[in-house]
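This document starts with one chain, in the form predicted alone, laid out as structure tokens.
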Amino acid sequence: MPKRGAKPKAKPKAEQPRLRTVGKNVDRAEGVDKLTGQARYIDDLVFPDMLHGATLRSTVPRGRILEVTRDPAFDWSGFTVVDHRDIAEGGGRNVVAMIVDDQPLLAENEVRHQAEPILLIAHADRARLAEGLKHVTIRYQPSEAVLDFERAETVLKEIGIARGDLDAGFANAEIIVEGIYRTGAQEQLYLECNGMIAVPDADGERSGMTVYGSMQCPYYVQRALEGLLGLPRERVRVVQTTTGGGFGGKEEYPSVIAGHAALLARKAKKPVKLVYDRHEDLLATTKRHPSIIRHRTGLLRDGTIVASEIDLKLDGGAYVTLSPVVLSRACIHATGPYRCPNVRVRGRVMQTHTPPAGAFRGFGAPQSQFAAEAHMDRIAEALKIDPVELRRKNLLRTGDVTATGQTLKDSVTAEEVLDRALRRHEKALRKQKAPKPGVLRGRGVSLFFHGSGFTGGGEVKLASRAGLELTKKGVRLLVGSTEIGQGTRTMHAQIVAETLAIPYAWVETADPDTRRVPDSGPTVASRTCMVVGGILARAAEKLRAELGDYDSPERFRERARVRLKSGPVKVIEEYRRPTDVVWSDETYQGDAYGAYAWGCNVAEVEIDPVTYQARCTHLTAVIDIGKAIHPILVEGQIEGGSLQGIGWALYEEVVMRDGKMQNAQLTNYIIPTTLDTPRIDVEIVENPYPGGPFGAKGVGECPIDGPAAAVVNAIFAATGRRLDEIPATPERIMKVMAGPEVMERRPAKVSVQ
């Protein structure tokens, strides 16, 4: 088990309440079903008279659709075929309902990226279905495609953050350091591919629709289907099935595949299953936004940061999708966990003719904090200051003000996680063997933070709701948050059991079904514990007050049975923004988040001087999450997020050619295997946040923010050559080690005032 610490100023243990369930490693709520194979994933489900669906996609990155032809010599009997005209005829709108309605569900006259859906077909026989796809021909009039977001001109979203007087800050600076940092796309690579089953009601074409599927956000899908099908909300039902991972990849994209399945089902008047294979899932779905980030930093000679100008560009692909929230988080986190009185951040998402980018664990913060932490090491090199001491001099502390003007008040632990990580790493490496002769070894550090939940304005707009209902056994959770492998059901049940002072086993969870549970907001943004768990805790407090005082679980059950004789008992609560959180979406000023998780990574990297392969051999991860509701689940989240960060840093490269992913299969989209996984040494720091349930903050995303920078900084320590682009493949490492002429392509720019 990892060591757990507390902030030195926290209350003594004697003053802390004794917890019976929270903080304990109880059995996972869904664990037995998954271990025994009883859990049913979307492709396990079969409905009577069900058809199988497939998608015909564009083969050019940009162009006009001239003609779609079905081979008249082919036997089309038994097939259902849908194109964009069926949407309007059914009374719906041909858009994927998201932040901006710019993306058609099916292309009409033009295509904007490779693999854009144009036509849908369904058949009872999968083999016949595959044959049918081969007998559809599409003629295009190709147009010039914009494939390089650094040269793109169309801006999908722009955000600016400003504080202080930037010109005065640079005028007072004694040294100015500049750097440019690039990150590539990354595939979420959940274990279970995307899949949906649409089941039309039996009473006619304009009747209701039920969709079952692998997803993170059932209410996103419901809203998308309402507009697409032209149906009122009460006639659209969405049910999450057992879901094999998401990492953000099943946040917005399920609205697309659900819409496709529903259109086929409505026309066929039969259930339709639409499940991607791995190749199609890799080819067509969203990825992490590639980025290019420029830093210009003014400093005093002692390392004090006095001015910071950051220009941030993301590749959004062909449509907006979730780019505004990705850019928002990237900009808010762009300075890293450091104070600076004079800041200007300019962020833009650029449009290209490539498949749309979308949500991926951390969504924007990993890109901007990679740049911030790589830049800190560049500054340290320029000033000849120890990188750790540079961080210590500038890191945020209680009472400091962020770039958005937020004064940090609670659970601020940047210095604590830094100190703990350095001590822990040093202790762990005392027993490490020396590398083989000739192998280069280096150590790198990264310090990072991550806002829990959406911005203050975002949570208010969501107005999330969750609640409880009494059962004869105990209580049932009514919550729209989804279990996607991270332990949501278990953690929520622990919070409620602790609040009600009843056994954990007495708490069950209703399946996420839009007809049964309220809209708790999306299962994203490290909000499921702090925000939704907090709503459930308040619902439990209200229920406990309604039942009156009871001194034992048995008395709780007695009172519950008495109340149930009068009818069902249900308590629903809604999100309440903390009174001290003030935020403006117009100015991007104020309290961006109620609380931040804080983390530090120390990475040990070895580089083979012959193959130029870099390998992370040890990663220390110290994360402050406020309170570990379930310590083993928390440790698993930290290990998993850290490994995804290492994969992004060293191995995972989405290769694009003519706007199409060329390595859309697991034979050559490389992720770290168990043999590539270093020892990940985890320490959980518990520095309670008063606004979270039992002090909890977010944990799911913070761990992915730091590993890439720690690894790249370790590569610099090992080679003396700075690599400012990831993934750090052997080819890129070989180039930066090849000689000064290569280094001149992106030099470190240092100006002395």
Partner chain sequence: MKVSFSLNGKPRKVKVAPMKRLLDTLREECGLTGTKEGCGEGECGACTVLLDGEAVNSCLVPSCQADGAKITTVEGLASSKKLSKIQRAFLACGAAQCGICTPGMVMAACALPKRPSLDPIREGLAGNLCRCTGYMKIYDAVEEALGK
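Worth saying up front: this structure is predicted, and the values here are computed from it rather than measured. Residue numbers count along the first chain shown, from 1.
Omitted here: the form predicted together with its partner chain. The next part is about that form.
E635 belongs to the set of residues with a heavy atom inside 4.5 Å of its partner chain in the predicted bound form.
Taking the partner from elsewhere, E192 is found to have a heavy atom lying within 4.5 Å of its partner chain in the predicted bound form.
In the predicted bound form, no heavy atom of S584 sits within 4.5 Å of its partner chain. Although the partner is absent here, L66 sits far enough away that none of its heavy atoms falls within 4.5 Å of its partner chain in the predicted bound form. Proximity to its partner chain in the predicted bound form, taken as a non-hydrogen atom within 4.5 angstroms, holds for one residue of G405, G227, G485, G208, which is G485.
Put simply, of G442, P578, G640, G458 only one has a heavy atom within 4.5 Å of its partner chain in the predicted bound form, and it is G640. The candidate spot formed by E30, T36 and T673 is fully in contact with its partner chain in the predicted bound form: every one of the three has a heavy atom within 4.5 Å. In plain terms, the part of the chain that comes close to its partner chain in the predicted bound form, with a heavy atom within 4.5 Å, is 641 to 649 out of 93 to 101, 641 to 649, 382 to 390, 155 to 163. In this stretch, 396 to 435, not one residue has a heavy atom within 4.5 Å of its partner chain in the predicted bound form; the partner itself is omitted from this view.
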